[in-house]
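In the block that follows, a single chain appears as structure tokens, in the form predicted on its own.
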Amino acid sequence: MAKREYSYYPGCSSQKKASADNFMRSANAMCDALDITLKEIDDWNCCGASIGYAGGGEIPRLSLSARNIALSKQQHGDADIIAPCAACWIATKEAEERVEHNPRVREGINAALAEIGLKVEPAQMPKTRHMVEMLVEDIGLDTIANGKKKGLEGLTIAGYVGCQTNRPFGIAGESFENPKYLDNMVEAVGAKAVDRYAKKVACCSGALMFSEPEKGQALVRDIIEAAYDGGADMIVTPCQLCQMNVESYQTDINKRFGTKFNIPVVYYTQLIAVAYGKSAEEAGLDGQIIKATKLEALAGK
């Protein structure tokens, strides 16, 4: 397998002891197995995520991501920026597009960046891509399937894409309403993907889970019920916020709605890491609130 190198913007949630610490560990294990080198952008900053839209204006919000782009260009040249977090990916990609196509916005961003000796220029910025784009387009599902050391046969998995990795940008060539890349990834490592998963691209409620928990929990209830309806043993997602909302609120949802949910919610990186022979710990399975016992058992074989 040819070695590949990328600039890497991990995002806040993937940091050690943060909410998606186990994602980062599984991503490192997966990339090690696939001979992918992620060169982290030194001194990267938060993309702003939801709070960036709450106040302060458009230019300050976009300048946060533009700074990361400028740092990546300075440190890693034209290497593509890989962002594993949906919010980080959207924010960085939006900044890239606004710099390319809006001179007024570009002028404002560069006025801000000039204060720290940085600048972004149209047609000279590295391309920003989600990690699943890189896996599907550069590595390829056939390569992932052919290189696995153990299949995940016996697992039935609901591929929960969520809304942010599908809109507004989406993955090239995929349907907005029924994207297949996650299902195809599940099948590539030997598991069975739930067919016609009704809530595949439904919103997990995002930050609404904190401000209006009853509404947020109702949305997640429907996502989980649809997975159970499809016979799923677990849910897999590419989004750190989706993973947290769908996994960690199941106890609260059970109390509120009288359900009995107890379904593991894992990352695609964890599936691939296990399929490539990594241990449960290396795949970050020890970081689950609801233990993915069937996946752990396969990792131990």
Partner chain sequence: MTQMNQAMIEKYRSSFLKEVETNVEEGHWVKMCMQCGVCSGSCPLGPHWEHPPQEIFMMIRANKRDEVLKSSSMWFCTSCYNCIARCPRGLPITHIMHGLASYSKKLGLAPKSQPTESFGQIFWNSIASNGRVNELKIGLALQFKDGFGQGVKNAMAQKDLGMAMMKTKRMNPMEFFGGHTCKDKSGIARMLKKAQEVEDQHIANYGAGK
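Numbering follows the first chain given and starts at 1. Remember, predicted model here, so these are calculated numbers, not experimental data.
A second form of this protein, the form predicted together with its partner chain, is not displayed here; the remarks below concern that form.
Three-residue candidate spot Lys16, Arg104 and Ala111; every residue lies within 4.5 angstroms of its partner chain in the model of the complex by at least one non-hydrogen atom.
With its partner chain left out of view, the stretch that reaches within 4.5 Å of it through heavy atoms in the model of the complex is, among 241-249, 271-279, 228-236, 30-38, 241-249.
The contact with its partner chain in the model of the complex, taken as any heavy atom within 4.5 Å, belongs to Lys215 out of Lys127, Lys119, Lys215, Lys150. In the model of the complex, at least one heavy atom of Asn45 sits within 4.5 Å of a heavy atom of its partner chain.
At the 4.5 Å threshold, heavy atoms of Pro168 reach its partner chain in the model of the complex. Among heavy atoms of Asp142, none comes within 4.5 Å of its partner chain in the model of the complex.
For the chain shown alone, Cys12 is a contact residue for its partner chain in the model of the complex, at least one non-hydrogen atom being within 4.5 angstroms. If you take 57-84 and check each residue for a heavy atom within 4.5 Å of its partner chain in the model of the complex, you get Gly57, Glu58, Ile59, Pro60, Arg61, Ser63, Leu64, Arg67, in sequence order.
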